[in-house]
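First, one chain by itself in structure tokens, the form predicted on its own.
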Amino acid sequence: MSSHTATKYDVFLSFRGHDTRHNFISFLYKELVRRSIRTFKDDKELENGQRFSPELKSPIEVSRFAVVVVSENYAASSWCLDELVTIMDFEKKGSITVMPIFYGVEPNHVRWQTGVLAEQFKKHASREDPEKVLKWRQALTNFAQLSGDCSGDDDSKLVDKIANEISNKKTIYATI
């Protein structure tokens, strides 16, 4: 990963609020903050169909890690998909480390956009620019090819695992 002279956040959280804001994300955010890990979490309630805000590109750009929690309705949100395209662009440049979390979804369903994701993309295809939809699909495919974690029965273990991994990597980066 390239050096981050302008790092402002250790972690940028990307998630579908409807699915995870009041459970998994709230526990993860609390644990990251408890460990003094500077974390960006968008606290604004977003309506379906709202467009990705250019203001979010900056926090992504100045973060070391992006914890991307793809849940069942993640791909229903054009906002989340635009955010993921930006995150994956920075990942490709080597300026951010992406930590995929598959929350209640199978990685292969995300990679191939099958099941509920196929339905979500049918809706996007009917109302969005085909090039944009193709970018979203490619970002999800690339994302799902990264090594990540799947949620299980015990979210607290997954929260601890993520927080430990970030803490350890943060320590390594501090010595570089």
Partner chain sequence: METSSISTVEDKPPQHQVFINFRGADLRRRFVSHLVTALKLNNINVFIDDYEDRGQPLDVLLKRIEESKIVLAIFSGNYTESVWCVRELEKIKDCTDEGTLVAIPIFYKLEPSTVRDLKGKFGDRFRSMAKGDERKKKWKEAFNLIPNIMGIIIDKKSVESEKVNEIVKAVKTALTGIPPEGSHNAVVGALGNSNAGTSSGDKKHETFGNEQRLKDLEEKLDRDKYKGTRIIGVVGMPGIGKTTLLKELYKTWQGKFSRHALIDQIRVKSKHLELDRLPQMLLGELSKLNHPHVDNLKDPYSQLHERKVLVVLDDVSKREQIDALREILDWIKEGKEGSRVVIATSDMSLTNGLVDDTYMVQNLNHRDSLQLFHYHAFIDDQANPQKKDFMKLSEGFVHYARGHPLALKVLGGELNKKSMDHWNSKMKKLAQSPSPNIVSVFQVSYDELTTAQKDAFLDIACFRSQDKDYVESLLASSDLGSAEAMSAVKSLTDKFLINTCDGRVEMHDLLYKFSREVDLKASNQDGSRQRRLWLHQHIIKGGIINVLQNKMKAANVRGIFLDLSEVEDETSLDRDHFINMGNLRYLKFYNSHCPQECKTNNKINIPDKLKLPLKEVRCLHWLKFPLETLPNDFNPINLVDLKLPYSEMEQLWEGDKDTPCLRWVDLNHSSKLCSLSGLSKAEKLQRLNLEGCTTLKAFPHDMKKMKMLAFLNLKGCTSLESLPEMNLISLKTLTLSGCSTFKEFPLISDNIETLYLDGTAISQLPMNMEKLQRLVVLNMKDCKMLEEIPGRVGELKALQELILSDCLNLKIFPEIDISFLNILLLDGTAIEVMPQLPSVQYLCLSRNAKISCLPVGISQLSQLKWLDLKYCTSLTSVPEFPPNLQCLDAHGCSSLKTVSKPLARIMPTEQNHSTFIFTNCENLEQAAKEEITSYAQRKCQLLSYARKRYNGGLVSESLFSTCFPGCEVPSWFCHETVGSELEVKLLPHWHDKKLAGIALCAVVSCLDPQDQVSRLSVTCTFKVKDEDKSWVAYTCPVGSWTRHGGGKDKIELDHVFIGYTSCPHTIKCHEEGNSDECNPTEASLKFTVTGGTSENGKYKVLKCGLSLVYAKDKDKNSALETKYDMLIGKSFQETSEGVDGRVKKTKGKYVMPVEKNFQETTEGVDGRVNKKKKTRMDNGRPKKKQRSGRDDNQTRMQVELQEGNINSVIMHTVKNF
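Since the structure is predicted, the reported quantities are computational estimates derived from the model, not experimental observations. Residue numbers count along the first chain shown, from 1.
The protein also exists as the form predicted in complex with its partner chain; that form is not presented, and the subsequent description refers to it.
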Arg111 within 4.5 Å of its partner chain in the predicted complex, heavy atoms: no
Residue contact check: Glu165 to its partner chain in the predicted complex, 4.5 Å heavy atom: no
Residue contact check: Ser26 to its partner chain in the predicted complex, 4.5 Å heavy atom: yes
4.5 angstroms heavy atom contact with its partner chain in the predicted complex for His22: yes
Residue stretch of 113-121, 145-153, 130-138, 61-69 approaching its partner chain in the predicted complex, non-hydrogen atom distance within 4.5 Å: 145-153
Its partner chain in the predicted complex reached by all of Arg38, Phe90 and Lys93, non-hydrogen atom within 4.5 Å: no
Residues of 87-120 having any heavy atom within 4.5 Å of its partner chain in the predicted complex, listed in sequence order: Tyr103
